[in-house]
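The chain below stands alone and is given in structure tokens; this is the form predicted on its own.
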């Protein structure tokens, strides 16, 4: 690289923001031998560049839906298209799996190499890309998740949060247009959970990646641009966070765990304080109360 060349970085996605990246139409899915379907006639659209939180109690169908969108499961009925491609079609399934990066709760299930850089490069090498391109894209992906200095280390030397970053880097190296993060913080401590959610938000905002964040956490969901909740395999809620969290009784009816901070916000609002309903973390609540105090000073 000459001195006047800019270093290559992970480039933002181009295209019209808001265009439908994912279209789910009338999808039903039943696991083999199951008495009732895990998904029941679901229809949903996710626009390019959206950050969508997918909520639901255990067994609601949220992980099944994420796997159907990612091309890992074929629906019994209905159609799923990703960037115009049929996610269940044998002809387009491989391409859909490149366009949609999947992140799972346990990063160790996605790490296969003994060196961090090699793990990110594995998927690229398996696709027969030139060695120079493999190295460049692996380096870009590691830089995007903040693991450049760990490139030569063994994955098992990394913390749980760093290993989840490594799993994300492996998906980014394939240059997806969408990330599906299925409970990516479930096995992490609170600090690592914040770091991973912050990384997903940054990838969405700075690089235009569409993100479907499957989570149990209302605190994490409050950071999304849109909240979708499933109940018994159906869409029960599809709203912006400030509207979705204004009615905690509805969240309770969906058998979601209400955080202590959200209950406090609910009590404050009942007392007449106009605290935003999506102030679901202690930091957000303190900031909201500070803003109220400054307005009344």
Ligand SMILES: Nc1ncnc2c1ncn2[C@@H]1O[C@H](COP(=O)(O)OP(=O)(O)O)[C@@H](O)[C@H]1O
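Residue numbers count along the first chain shown, from 1. Quick caveat, the model's predicted, so the values are computed rather than measured.
Omitted here: the form predicted together with the named molecule. The next part is about that form.
None of the heavy atoms of residue 52 is located within 4.5 Å of the named molecule in the predicted bound form.
The named molecule in the predicted bound form is not approached by residue 69, whose heavy atoms all lie more than 4.5 angstroms from it. Using a 4.5 angstroms threshold between heavy atoms, residue 250 stays clear of the named molecule in the predicted bound form.
Heavy atoms of residue 263 never reach within 4.5 Å of the named molecule in the predicted bound form, leaving it off the interface. Residue heavy atoms within 4.5 Å of the named molecule in the predicted bound form occur in exactly one stretch of 251-259, 264-272, 54-62, 236-244, and that stretch is 54-62.
Taking the named molecule as it sits in the predicted bound form, the stretch 23-38 comes within 4.5 angstroms of it through a non-hydrogen atom at 31, 36, 38.
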